[in-house]
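Consider the single chain below, provided in structure tokens and representing the form predicted alone.
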């Protein structure tokens, strides 16, 4: 089986869970004798690849990240033109490779960034199209002022794809209710994780993610302010970068917790693993989270996790604590409980690490292969 997979990021170029997913999936597919050509923009650092059935093919260059917005000041050039241009370059490259090496069994696209290329290749060459939805425009906008341009692209892709993969039932529900897609063509495949080694735990409460409205870091800080009176030695780490960073720093000052809150900025892969390994509690207070690979990563490192009820992870994973993202009183209560009561902390850590064994990229690859077979 030969698959053309179109993405936008791949380690070491990584902006979020999309890169983690594509890395885990492509490598496991390769191990199962699926030949994958992964198309992505050219970056400063070449992707490392030691798999014989996997080829990383760089096409063009772009300054746009998968989670950028059209009004972002960081974007160089015209946002819309850059996206369309990358998609057209991918189509040309795939057509050339087909003429040279033969046809693909399926095209597999990830999120809105690559949909135009997938649709074009399906319509021109008659190749089945599989589309994975990692997040929708409604998620990324935190359900506030979603951009119609993104919504239209997403809807067209979902309508024209032969199969749509959703990373959770939470996301499948959004796809059906907001985009009007036939639920019978949507298959749910949860994310997975490469386990992280556990370290010596410190009294650290961790938030890790993009600092955008979607991820709910402001609720984390409000909960931290309530925790400080009960656990005076606790430190709160906000790891990640994003447009909300200045506002969050000011919020920490206003809440009187700037002396115990650390803003790390963007971390390297090794730094991410280290902070997971030494943290005592991980909090994922997302306003809208299709899945939440970070929660799996934290739990794999022996760090009990408090997750928003509006996260796909919460429906799929048993051994975690759940909270409404806006209920900072209850969030604080759960943080204090995990810091203070060792039996609760140990039980969640031990049972969580056992449950993590169910979330493997091999399992994701097996389910994805079945989907490929269903459209070819």
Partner chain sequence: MTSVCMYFEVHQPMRLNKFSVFNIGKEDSHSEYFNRKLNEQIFTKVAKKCYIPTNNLLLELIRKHDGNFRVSFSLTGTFVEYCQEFMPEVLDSFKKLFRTGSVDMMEETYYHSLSSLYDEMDEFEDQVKIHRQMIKNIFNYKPRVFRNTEAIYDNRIAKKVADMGYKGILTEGTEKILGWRSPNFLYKPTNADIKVLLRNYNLSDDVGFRFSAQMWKGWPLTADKYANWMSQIQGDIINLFMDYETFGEHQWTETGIFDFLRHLPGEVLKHDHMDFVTASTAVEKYDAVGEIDVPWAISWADEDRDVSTWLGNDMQLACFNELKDIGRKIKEKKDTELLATWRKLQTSDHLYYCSTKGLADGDVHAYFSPYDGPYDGFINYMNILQDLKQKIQTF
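Just so you know, these numbers come straight off a predicted model, no measurement behind them. Numbering follows the first chain given and starts at 1.
The form predicted together with its partner chain exists for this protein as well; it is not shown, and the discussion that follows is about that form.
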| item | value |
| --- | --- |
| Contact segment among 313-321, 38-46, 51-59, 25-33, judged by heavy atoms lying within 4.5 Å of its partner chain in the predicted bound form | 313-321 |
| Partner contact for residue 339 in the predicted bound form: its partner chain, 4.5 angstroms, heavy atom | no |
| Residue 230: touches its partner chain in the predicted bound form, heavy atom cutoff 4.5 angstroms | yes |
| Touches its partner chain in the predicted bound form: residue 273 (any heavy atom, 4.5 Å) | no |
| Contact test in the predicted bound form: residue 226 vs its partner chain, heavy atoms, 4.5 Å | yes |
| Neighbours of its partner chain in the predicted bound form among 332-352 [non-hydrogen atom within 4.5 angstroms] | 332, 333, 334, 336, 337, 340, 341, 343, 344, 346, 347, 348, 351 |
